[in-house]
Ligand SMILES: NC(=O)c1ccc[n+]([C@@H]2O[C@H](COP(=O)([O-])OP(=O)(O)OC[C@H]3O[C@@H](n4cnc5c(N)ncnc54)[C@H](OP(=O)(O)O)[C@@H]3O)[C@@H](O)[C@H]2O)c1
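Just the one chain here, laid out as structure tokens, in the form predicted alone.
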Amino acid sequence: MSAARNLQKALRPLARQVASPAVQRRTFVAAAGAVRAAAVSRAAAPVAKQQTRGVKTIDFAGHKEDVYERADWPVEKLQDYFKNDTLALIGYGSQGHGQGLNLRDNGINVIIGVRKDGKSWKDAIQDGWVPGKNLFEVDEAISKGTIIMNLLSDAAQSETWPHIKPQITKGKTLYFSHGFSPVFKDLTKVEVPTDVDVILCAPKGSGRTVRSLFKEGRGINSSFAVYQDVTGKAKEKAIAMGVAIGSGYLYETTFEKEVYSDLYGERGCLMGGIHGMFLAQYEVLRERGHSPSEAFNETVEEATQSLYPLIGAYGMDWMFDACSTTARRGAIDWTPKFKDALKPVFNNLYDSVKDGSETKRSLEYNSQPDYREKYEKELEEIRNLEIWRAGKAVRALRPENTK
């Protein structure tokens, strides 16, 4: 991408506009309907006008889907909808932290249920949850709750389910943020009660991002699904829960599709695949005599700081069009080569997700008593890879880090 580097200086003002609050606050609908127009004119639709829209049907490349926006559920409506409910949030990891604090800030009656005096209990107290008021041990929280938010880790859900299930009594609602446990019930043993609504809202990001986007006045995109509708109101409840935890817009899926796409994506382009590609390109550059700084800049820095933000804002075609003719020709020519090489790997990955192999692997590993120590050892190995040690030095040279 050396040819593209000549354009970086010219693209920096655009990149800053991409990251600007005015652009970030545009709703999904505005972006979906005007990606190409946005490349010519950055003017976002007036916020006041956006807030008046209801549920809308969007054409996604010829496929029409309903999209639900936060504007459909203002805070007053949320508070009224949940006025007779107590949301018992079980587990206070990344998602528990983000969703719980957002619910609290939205004025929803939410309580936390975790093991007393454990790490999560102490973390919750630091975040302002008060023992005996809105912080309880798990059993007491479930007994007080009408909507039980099971946000324990996948492995912990499997281990604790025999104890928790009898407490999910008729009239309560069971909420998940991942379809893992009920979908792979043959492995997890999470067989949900038959007399309660079972719903899902899955933010497309970490709990920390759920929280940070909410605090910025934005909202993360999320999927929602209904596994079991006993009351006839499960779908409406799932959408309301999605907005209450901090979603900006929501799209409908199923528990099965949510878990398949999630496990597949995080092992592929989102995390595993992208890290593997970074390592392969970096190592070839180093083996061919390039310095660590040059290899990192060509592999990671230019991608994450210059080009990927443009793809996220306007699409791959726009990014190609913004680069030099030399860079564009090479990228277009090599795309099918990479696709043909990688598609069999992605098909194998999807099969592994769908047949439960990935679930079995995760449950077996994460249920080991020393899994945290093993996991930390693996992370330490990644930290010590030359590419990420070089990256630490490169990041220190960014303007925002040299003040």
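Just count from 1 along the sequence shown to find any residue number. The shown structure was predicted, so the numbers you read here are calculated from the model rather than taken from an experiment.
Beyond what is shown, the protein has a form predicted together with the named molecule; the following relates to that form.
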If we define contact as a non-hydrogen atom of the residue within 4.5 angstroms of the partner, is His178 a contact of the named molecule in the model of the complex?
yes
Gln79 versus the named molecule, in the model of the complex: is there a non-hydrogen atom within 4.5 Å?
no
Interface membership of Lys64, the named molecule in the model of the complex, 4.5 Å heavy atom rule:
no
Taking heavy atoms only, is Asp154 within 4.5 angstroms of the named molecule in the model of the complex?
yes
Within 4.5 Å of the named molecule in the model of the complex by heavy atoms, the stretch out of 101 to 109, 293 to 301, 280 to 288, 157 to 165 is 157 to 165
Heavy atom within 4.5 Å of the named molecule in the model of the complex - residue from Ser306, Ser120, Thr173, Ser223:
Ser120
Residue within 4.5 Å of the named molecule in the model of the complex by heavy atom, from Ser212, Ser206, Thr254, Gln228, is Ser206
Determine the residues of 89 to 120 with a heavy atom within 4.5 Å of the named molecule in the model of the complex and present them in sequence order; the list may be empty.
Gly91, Tyr92, Gly93, Ser94, Gln95, Gly96, Val114, Arg115, Gly118, Lys119, Ser120
